[in-house]
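There is one chain below, alone, in structure tokens, taken in the form predicted on its own.
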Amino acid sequence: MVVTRFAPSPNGPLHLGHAYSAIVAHDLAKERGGRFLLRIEDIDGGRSRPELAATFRDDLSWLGLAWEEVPAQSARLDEYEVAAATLAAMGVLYPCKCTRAEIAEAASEMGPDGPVYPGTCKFDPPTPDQAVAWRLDVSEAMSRTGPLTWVDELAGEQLARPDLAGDVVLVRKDTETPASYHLAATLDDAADGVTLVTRGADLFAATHVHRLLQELLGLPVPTWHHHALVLDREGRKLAKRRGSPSLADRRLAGTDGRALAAQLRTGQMPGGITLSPVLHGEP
């Protein structure tokens, strides 16, 4: 059975980009007689606003979607801790004291998420009294797993290249946000039995890292479906931080949610909004 999920973070209201992503996941599951899950990713430290989860449910109902809700990330902190301890025992994690500014200054390469961490603390470990994050030693991890592949429904089979992102953070310094997106989402999808991971093409590169984590932790390997992105008039991905109009505002203004969902399904975006092309998973 196909199982998909929509996993929003309650750090701001949903917008049309979220609506499109939820509709893609919902429709792929329903077309194949499967299940569509809602998971609230609520471990974003002080940015998380628990009250938004109820708004998200109202938004999805307004769009005409039906779902099963699974436990939020805040109920899974012990699972993240156990997985991190397992990776540490394998010798594929190391502590890092570096700030973002220090990494930007020291980095000589750019990766899919910005400056690639140059491995500073791998060669100059922090002292015991320093606050640290824990990074995945990608070269050591890949030496243990050997070559890996994964499959995207739109882009086909891919050779996993987690090295392109460098040694990513898996456990953050901030105790309010204990696990990074890479670790938490990978564990959550396995725990929820997700078989088809649907998300925007901007997260295509993250899948290389997730495939490596699955192999290290003995997790099942899903198929992925990286869909097009919803872009604003300037060709930028819609984003909460840029104040993209929210679904809640449209809903409260009396917009017909089911009619809007029908538009999104056909790629007819309102108000100058467009869909990006997707070629080999990249926008």
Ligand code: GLU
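Fair warning: this is a prediction, and the values are worked out from it, not measured in the lab. Residue indices: 1-based, along the sequence shown.
Only in words, not in the display: the form predicted in complex with the ligand, which the text now covers.
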Checklist entry - Taking heavy atoms only, is residue 199 within 4.5 angstroms of the ligand in the predicted complex? => result yes
### Query
Counting only non-hydrogen atoms and a 4.5 angstroms cut-off, does residue 150 reach the ligand in the predicted complex?
no
- Query: Applying a 4.5 Å heavy atom distance criterion, does residue 80 contact the ligand in the predicted complex?
  - Reply: no
(message) Given that the ligand is not shown alongside this chain, does residue 94 nevertheless sit within 4.5 Å of it in the predicted complex, heavy atom to heavy atom?
(response) no
The listed residue (27, 232, 41, 215) that reaches within 4.5 Å of the ligand in the predicted complex by any heavy atom is 41
None of 116, 98, 203, 72 but one has a heavy atom within 4.5 Å of the ligand in the predicted complex; the exception is 203
Residues in 3 to 30 that come within 4.5 Å of the ligand in the predicted complex by at least one heavy atom, in order, are 5, 7, 8, 9
